[in-house]
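The chain below stands alone and is given as structure tokens, in the form predicted alone.
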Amino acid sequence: MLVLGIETTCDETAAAIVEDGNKILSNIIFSQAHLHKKFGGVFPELASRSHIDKILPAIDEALKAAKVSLDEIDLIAVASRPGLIGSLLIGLNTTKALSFALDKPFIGINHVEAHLYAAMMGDDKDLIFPSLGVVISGGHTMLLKILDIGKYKIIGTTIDDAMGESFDKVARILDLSYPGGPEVEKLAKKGDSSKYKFKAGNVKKNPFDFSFSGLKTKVLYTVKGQKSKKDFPTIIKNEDKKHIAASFQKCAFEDLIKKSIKAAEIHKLKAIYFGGGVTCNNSLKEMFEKQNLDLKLFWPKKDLSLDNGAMIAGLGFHKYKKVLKSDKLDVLAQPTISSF
């Protein structure tokens, strides 16, 4: 089965062709990072307009790279939730139009779930269940128990900032460019992670939930003074920024690692599958590896870490196999999700 995957949840316009859920024939991504750089984050209206310009060229390039035609496509999978509502609508309405015009089935996909599936793609490996799913992206930080593809139980989530979002905000505090994650990691490599004592939040209601808002605020006050705001002048030496970046990164990652290991132990899980843009951070991978866990760790390949169409197409194959029917044309885009 050839599946066309379409992804427009945020600031990447992506399309891919995947065969039988795993063999990636093409994976085209048009990034908008250069458009949003001057804003220090994603400007939703600008993102939507860029998707309009890029969605058809992305699909055309994906087909060309895979050497297939639209007539040969068996299924269209699209990220329909969660994400920026304007961006979601571009991908979803394009998919509906293609489905109607070509008389091809389509299926809406949970973008967060697809990030976890990305770690299962690309290799001929046996999947291990039950496992822990760790989603760490710009919009989400979640721990999930994976029983099978499509069967999950949420163990913990963030009550405020997602991990990727907190990296972007700390980057702005440190006068680094967007996207902030890679810039913080680059600066942190030069710093002493023990120089500043930061602490991630603990959520009494659920010890596996995350809270990075207080950590971000502590960084702000350290850089700009107590009770300061983001537009206040910096009071530290420029030399100290690398130590703050390193200390912040270490604190955030240690919190994630501690909760991930505890969740895997309590729920008797056999492996960990990672998903989301923060998985590109090499320091995080090194910190996990140093734990010498009796668990197999599955990281997505770099081109499958950020938002992409291949993970949407791959998961779409499995979702469609279970229902064998197309979504209806009145299916709605959902900017948030409360469950899987």
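Here the structure is a predicted model, which is why all the values come from computation and not from measurement. Start at 1 with the first residue shown and count on from there.
Same protein, other form: the form predicted together with a small molecule, not shown, and the subject of what follows.
S.K.: Looking at 294 to 302, 276 to 284, 29 to 37, 56 to 64, which one sits within 4.5 Å of the small molecule in the model of the complex if you count heavy atoms only?
M.R.: That would be 276 to 284.
S.K.: For residue 306, is any heavy atom within 4.5 Å of the small molecule in the model of the complex, or not?
M.R.: It does: once the small molecule is placed as it appears in the model of the complex, residue 306 has a heavy atom within 4.5 Å of it.
S.K.: Against the small molecule in the model of the complex, would residue 167 count as a contact residue? Criterion: heavy atoms within 4.5 Å.
M.R.: Yes, residue 167 sits close enough to the small molecule in the model of the complex that at least one of its heavy atoms falls within 4.5 Å.
S.K.: Would you classify residue 95 as touching the small molecule in the model of the complex, given a 4.5 Å non-hydrogen atom cut-off?
M.R.: No - in the model of the complex, heavy atoms of residue 95 and the small molecule never come within 4.5 Å of each other.
S.K.: Within a 4.5 Å heavy atom cut-off, is residue 108 in contact with the small molecule in the model of the complex?
M.R.: Heavy-atom contact with the small molecule at 4.5 Å: absent for residue 108.
S.K.: Note which of 160, 240, 209, 185 lies within 4.5 Å of the small molecule in the model of the complex, where distance is taken over heavy atoms; exactly one does.
M.R.: By the 4.5 Å heavy-atom cutoff, the listed residue in contact is 185.
S.K.: Since exactly one of 137, 260, 80, 131 fits, which has a heavy atom within 4.5 Å of the small molecule in the model of the complex?
M.R.: None of the others qualify; the residue that does is 137.
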